[in-house]
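Okay, here we've got a single chain as structure tokens, the form predicted on its own, with questions on binding and movement later.
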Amino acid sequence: MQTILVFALLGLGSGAVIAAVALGVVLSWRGSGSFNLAAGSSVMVAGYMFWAFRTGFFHFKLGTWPAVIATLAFMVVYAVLIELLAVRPLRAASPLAKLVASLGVLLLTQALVQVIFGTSPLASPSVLPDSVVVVGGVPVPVAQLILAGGVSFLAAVLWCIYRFTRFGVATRASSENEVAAVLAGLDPNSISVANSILANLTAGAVGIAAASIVGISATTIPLLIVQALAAALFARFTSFGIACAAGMAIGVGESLIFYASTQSWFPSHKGVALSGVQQLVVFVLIVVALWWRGSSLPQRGELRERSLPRVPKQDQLARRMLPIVAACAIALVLLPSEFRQAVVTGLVGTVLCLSFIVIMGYVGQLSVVQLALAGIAGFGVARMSSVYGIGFPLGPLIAVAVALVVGVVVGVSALRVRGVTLVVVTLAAAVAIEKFVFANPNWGGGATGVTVQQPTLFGIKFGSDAGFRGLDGSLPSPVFGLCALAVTAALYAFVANLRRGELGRRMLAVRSNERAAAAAGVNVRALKVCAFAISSILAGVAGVLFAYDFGTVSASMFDVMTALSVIASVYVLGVTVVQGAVLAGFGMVGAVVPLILQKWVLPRDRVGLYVQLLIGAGLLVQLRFYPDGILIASATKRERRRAERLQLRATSAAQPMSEQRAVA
């Protein structure tokens, strides 16, 4: 019992950080009415800046309190920059655009931090005492208790501010009805800036205090947003006290699960406890919170009606497809092996991005789980051959079917939520799948990954090791690339035609207005499940192609940050047009565009970071000038010019007739 108390108290440190990020999520919702996926990045930035000021990284070294003041001042500047670059320009944009903007901030901030400070975790100088106090006969570090008490105090202060001050009343008014707030003389922009500064100061204070307790890492701290969203869900994105308490409880619970993993009764493989149980528990908590309070999540009255990106007509499909297909086929035969590999990776990435086009573009549901579903299919096809001896074509079919089942289960678990709220459950599902499935050697690849047997049919090889080696005579074989090209072209045509069919029109109706679609006879729930099924199949096919393309699968190929980068790429180019999937697929790490940058532009060992940096920065720029996406804006201009030409022709044709009537 005493040991359990020790681990519970030790979990207060990480719980306090989760609670602080949850407070930032609540503040962001109160101020701007959007989910802030970059809330964890503020804690990360504060930790790194304090470390830099204290250690002399910037060629000058500050004492503890000057470093604290300098860090908090930087957080104010950071908050204003985010407000000016990512929040204020999008006040009239759709909730999806706002959410994607916070994703751009997350990607850009994380990449910048890793470029400047490196990718290795850092140990920060402590601002809290390192002494130990005995609680219930258990020695506990004082820093843990101070951090937990400090975050609780911050939550109480925030509650008082928003409950009793004029600023709090103004924020509540703007949050509940922005139109009425403007009529009352309030400025939503100023209120949003003030809330952003307050959120970043809160995150900055906790980041400084927690840096020496939980460490500074650009890969782990931003992903605390998953646990923080779970806490914020229980708080309905409005209650500081519940968000703080839920965040603390999650941290303590994760610490207790870690203690349980050291016990003999805990599930294990070859003496090693199964990993990812904490993430699985968080996912379950989010599903429970969504089913419990999903239908009553708060909404806001807005100044202007928000709309999702346009869905242009997919016309002249053959004319658009044939040149690309021909160019890829020629490249697969003529180009050297590394470019041939990059083309195949681009084709596989295109199939993955098509799944985002269906679920995000056609239905308006932001799902992060697609890459995880691809990983399930990839690991599935590897296990089918290595463990059960099931090869091609039955193995890939079973693997895609498993991805379909998991995708539908995730979709069903979020049926009570709409629109961007879906990102909460799918983000948690993606993290849980990565940590609990892919990292476990029982059903995933563990740390080493799994080798994939190349496809053969009737003794004929058509994988990457097939006999025909292209003009340079090296692997990978163009045969698999041509097969991937055929599959990609077929799925491209399917998704493009889906938009023009009856099912596609029903999807667009649900995307536009769920209540109106239901009133018109559309079964909204069944259609959402159908959309998840289609996108899951596409993701599963992409996972099988990934496995055959690389010959091995590992957890690092399907991590959450890669999934977020893919989503950002698709949105930048056009989330409602299939051409956006092609360009985003060929821009994925390992595909043609990064390979070109790696060979002639960027440092070879950091190309992934710089690609993420470009995606994050490009996303913010695109949302500022082309909120619907670059390709969608181009399609809109073409449609406008076509309409103007038709109107001009109609006017020219009508003019001689009017002249004839005048003569008569």
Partner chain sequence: MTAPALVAREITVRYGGVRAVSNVTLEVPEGKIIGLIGPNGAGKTTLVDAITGFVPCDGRVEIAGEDVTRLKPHARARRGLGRTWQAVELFDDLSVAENVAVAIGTPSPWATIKELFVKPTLEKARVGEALDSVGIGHLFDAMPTELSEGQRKLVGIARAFAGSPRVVCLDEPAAGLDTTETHELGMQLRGLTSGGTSMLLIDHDIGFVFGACDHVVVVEFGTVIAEGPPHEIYANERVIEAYLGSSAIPTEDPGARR
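None of these values were measured; they are calculated from a predicted model. Numbering follows the first chain given and starts at 1.
In what follows, reference is made to the form predicted together with the partner chain, a form of this protein that is not presented.
Using a 4.5 angstroms limit between non-hydrogen atoms, Phe494 touches the partner chain in the model of the complex.
Contact between Arg166 and the partner chain in the model of the complex is not found at the 4.5 Å heavy atom cutoff. In the model of the complex, the partner chain lies within 4.5 Å of some heavy atom of Val522.
In the model of the complex, the partner chain lies farther than 4.5 Å from every heavy atom of Pro393. With the partner chain omitted here, the record of contacts in the model of the complex names 508 to 516 of 321 to 329, 508 to 516, 549 to 557, 335 to 343, defined by a heavy atom within 4.5 Å. With the partner omitted from this view, the residue of Val408, Ala273, Leu503, Leu72 that lies near the partner chain in the model of the complex is Leu503 [heavy atom within 4.5 Å].
Among Leu498, Ala148, Leu223, Ala591, the residue placing a heavy atom within 4.5 Å of the partner chain in the model of the complex is Leu498.
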